[in-house]
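Structure 1 and structure 2, given next as structure tokens, are two forms of the same protein chain, each shown alone.
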Structure 1
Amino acid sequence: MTEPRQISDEDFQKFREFFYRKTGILFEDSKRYFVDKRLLDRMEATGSETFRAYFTTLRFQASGEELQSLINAMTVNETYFFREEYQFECLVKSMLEDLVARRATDSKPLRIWSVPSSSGEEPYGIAIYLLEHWPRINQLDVEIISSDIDTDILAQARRGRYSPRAVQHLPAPLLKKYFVRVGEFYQIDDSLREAVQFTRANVTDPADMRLHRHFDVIFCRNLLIYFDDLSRKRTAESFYDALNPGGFICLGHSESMSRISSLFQVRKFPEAIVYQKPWEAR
């Protein structure tokens, strides 16, 4: 009978340092169970009898495929309304105010890009948050564009119908105000569906990205972490061109632009850390 697979303290330390360097995600000791469980699952899936064997695959596999599978396993990805709400707060309290202060008499709409759109929770969530929490929405126009590579999910986003799970974090008054109950689902208000433009775009394709330009804020959360290093870098460089000077990019809480590209400046606002294209950039 073979010994059950296990992760020693030294293995955990070694893995933690490696994973942090690759992704910027640092697992505290309290996450040990979470990490061990996923590592053991991946060891089993790859037929690795020991941690050393698995780590060698992870470290040296030319395609990087197993590292990607492990990253996917280590990052819980679930979409719902007002996910990582602190960034929406940062949007209305800091980022938009920063942009407005520099725009002077410019009357062009502020443009926000949410990518990937997935089934629409993020762009509609941004719209609701602006209407509810940004008083200047009565003085300035804001355009929200949302893109995804998957045309089926875009159709779903345009339809705007959500499960109770997707809306579970919305305060009840907002749910009542912006949604209609249809059977077991919640149908988003037509005025919001009208307000968001959905487009198809592959962020790793320069030709697609060339058409998406002149944004003031980009939300790209929990997407880059699924890319390899080179694709991540190319995408960041395309985002740089897609932003107006002074524009902001918001990544997911486990992502760091500093590990991807040095083109952006880190802005530490009270609500969140975001990344800014320098004002003097062209």
Structure 2
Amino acid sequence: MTEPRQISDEDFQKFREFFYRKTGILFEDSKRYFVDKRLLDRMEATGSETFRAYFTTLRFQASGEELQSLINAMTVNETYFFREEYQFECLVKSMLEDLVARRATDSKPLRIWSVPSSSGEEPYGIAIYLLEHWPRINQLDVEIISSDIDTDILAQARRGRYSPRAVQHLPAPLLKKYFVRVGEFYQIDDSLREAVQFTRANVTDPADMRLHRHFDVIFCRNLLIYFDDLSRKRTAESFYDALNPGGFICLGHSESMSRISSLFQVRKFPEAIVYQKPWEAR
């Protein structure tokens, strides 16, 4: 009779260290049940009878396919449209106006990066907010790029189909204007799908981060809370390099860049507190 698959304390520690090195995400002991359940699911899906066999595949598979599948299973993607809307208001009333005032003769596009993308509610929400509340959108070129480490959720974001819960905070006129009801779901307008570029990125991987540069605003909300202090600091330094001089970064309401890095200046706008890369920086 075959023994049931199990994750021992030693296995959990080995996996936790490995996953941290690959993603910057550190699972606390309190997440043990969550981690074990997903590891056992992947072991069953790959036909691995023991953790040792599965871990060998995870570490040495040349394609990295199983590692990506596991990352997809381990990452949390819980969000909705217009979450923490006050930062969108700050974007159109303060941050973009500040950037435009300093870049009066610069014809380069304004570039906004939303990371993590999750299923697309944030980048599409930014696009809708700009169209509805920023008159300059008809005069200036704006690019919206959105990235995530989870390739499954990126595919979902590209499809742009949402549950009633995801759109529950959208005003009814906007829901009618930008979505079509398809059965029990809401399909976002094709023009918005085409307006957002989705890419895979691991923000703790220097190679991935070198591919993402020259942004004017970064939205990175409720991601750094999953990292330890060292990973937070490294990610903040990568964001600093990814921003143009004068560029802004927006964190979640419970996060503070001041506790992570001294590279950024605190900007207190009427709508929100955000963080800015100094104009004189390179």
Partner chain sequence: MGLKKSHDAPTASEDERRLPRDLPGLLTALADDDPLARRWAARDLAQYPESSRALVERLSIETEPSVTAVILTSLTLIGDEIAVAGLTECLRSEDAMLRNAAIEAMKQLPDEVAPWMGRLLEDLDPDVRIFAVDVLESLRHPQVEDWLIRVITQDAHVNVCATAVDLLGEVGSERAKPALLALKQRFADEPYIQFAADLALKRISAG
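Take the two forms, find the largest set of C-alpha atoms that superpose within 1.5 Å, and that set is the rigid core. Along the sequence of structure 1, residues get numbers from 1 upward. In this text the structure is predicted, and so the values were computed from the model without any measurement.
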Review point. Which of these two chains, shown alone, is the form predicted alone?
Key: 2
Check your understanding: Using the core for the fit, does the CA position of Leu39 change by 2 Å or more between structures 1 and 2?
Key -> yes
Point to revise | Core fit, then Phe269 C-alpha moves 2 Å or more between structures 1 and 2 | key: no
Exercise for review: Superpose on the rigid core, then tell me if the C-alpha of Arg59 is displaced by 2 angstroms or more between structures 1 and 2.
Suggested key: yes
**Study point:** between structures 1 and 2, how far the Cα of Asp9 shifts once the core is aligned, in Å
**Key:** 32.7
